[in-house]
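Below you will find one chain, with nothing else, as C-alpha cells; this is the form predicted on its own, and questions on how it binds or moves follow later.
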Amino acid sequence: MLVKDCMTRHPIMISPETPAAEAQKIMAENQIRHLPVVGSGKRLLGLITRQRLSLKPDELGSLNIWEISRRLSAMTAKKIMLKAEHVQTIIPDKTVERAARIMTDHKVGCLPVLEDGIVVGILTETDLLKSFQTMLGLPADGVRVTVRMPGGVGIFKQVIVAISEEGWPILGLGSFPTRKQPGYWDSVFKIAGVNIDEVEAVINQVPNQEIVDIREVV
C-alpha cells in the first residue's frame, strides 16, 4: 500500500493570516490535530498542531481567561506555525511502511503529502492504523491464523498453495520476524468463508510450520 492509497485527500488548510483562535476552532469542530498552512497555489508554508496552539504553563498561570483569549486573538498562523523547512513531509508514491518509519523516527503525528511543494493530502497516525487494518482484512469476517515458519519462500509458498487449492479467498496477509527466534517468521493470514477446524486441517498438512494463533474474527 502506498501513501496515496490511504492519505486524507483535500485536507482542511488555512492561510498564514488565519487568527490562531480561528485555527483552534477549526481543529476542534473537525476533530483534527494538524492544519497545513498554505500560500498561493496550496504551497506548504508551515504546519499548525495542537502543541503550537498551547501557551506555556508559566504564561498560563499568570493570565486569566480573558487575557488568554486576547492573546490568542492577536496571534496568526504565521506567528505560531512550524515553518515548512522544519516539517517532515512525504510524496504520494512512497510506501506506508516508509511513512511510518519517518513518523516514528521523528516522533511526529502526521506527514503533509506534497507534489512539487503543493499539498495534495495529509497522512496521520489514524490513516496509518486504518491502512494496517485493511491490509489484515479486519473489516470482513473470517479466520485469522498466524503460522510460524523458517525464513525463505519454500514453506510460505506451500501454505499459500494449500489455502489456494481449497479455493479460499485470502483477505489479508502480513509477515514479521519471530521475536527471540532468529531465522523464523510469523505470517498472518485472514481467510474468508471457512471455520477454524477447516483451516487447521489444511495448514497442518504443510511440514515444518507451526500454527501459533488461530481465531475467528467477526
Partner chain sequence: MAEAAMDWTVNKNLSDAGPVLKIEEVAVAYKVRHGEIVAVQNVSFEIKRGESYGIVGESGCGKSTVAWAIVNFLGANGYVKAGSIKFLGQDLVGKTGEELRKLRGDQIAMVYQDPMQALNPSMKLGDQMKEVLTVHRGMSDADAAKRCIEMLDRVYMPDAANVMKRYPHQISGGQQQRVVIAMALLNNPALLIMDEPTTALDVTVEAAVLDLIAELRRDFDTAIMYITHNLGVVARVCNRVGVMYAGEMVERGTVEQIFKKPQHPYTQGLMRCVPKLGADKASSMLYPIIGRVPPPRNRPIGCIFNPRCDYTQDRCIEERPQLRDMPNGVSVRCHFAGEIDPAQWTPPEELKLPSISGGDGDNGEAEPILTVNGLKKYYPVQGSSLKDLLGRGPKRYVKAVEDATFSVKKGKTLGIVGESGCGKSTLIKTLIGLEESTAGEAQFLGFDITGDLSTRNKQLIQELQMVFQNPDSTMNPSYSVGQQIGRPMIRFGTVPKNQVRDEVIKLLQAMRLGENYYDRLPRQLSGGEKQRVGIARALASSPNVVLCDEPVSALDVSVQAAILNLLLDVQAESGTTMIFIAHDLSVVRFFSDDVAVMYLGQIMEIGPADAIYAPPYHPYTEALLSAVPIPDPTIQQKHIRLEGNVPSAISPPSGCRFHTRCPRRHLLPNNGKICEEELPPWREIGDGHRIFCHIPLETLRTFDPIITQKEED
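Positions refer to the first chain, counted from 1. Not measured: the values here are computed from a predicted model.
Below, we turn to the form predicted in complex with its partner chain, even though it does not appear here.
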Each of L44, K83 and P112 near its partner chain in the predicted bound form, meaning some heavy atom within 4.5 Å?
no
Quick one: which of 99 to 107, 114 to 122, 83 to 91, 144 to 152 gets within 4.5 Å of its partner chain in the predicted bound form, going by heavy atoms?
114 to 122
Exactly one of L53, I163, I26, V188 comes within 4.5 Å of its partner chain in the predicted bound form through a heavy atom, and that residue is I26
Examine K130 and determine whether its closest non-hydrogen atom to its partner chain in the predicted bound form is within 4.5 angstroms.
yes
Residue-level contact is defined here as any heavy atom of the residue lying within 4.5 Å of its partner chain in the predicted bound form; does I12 satisfy this criterion?
yes
Determine whether any heavy atom of A140 comes within 4.5 Å of a heavy atom of its partner chain in the predicted bound form, and answer yes or no.
yes
Would T76 sit within 4.5 Å of its partner chain in the predicted bound form, counting heavy atoms only?
no
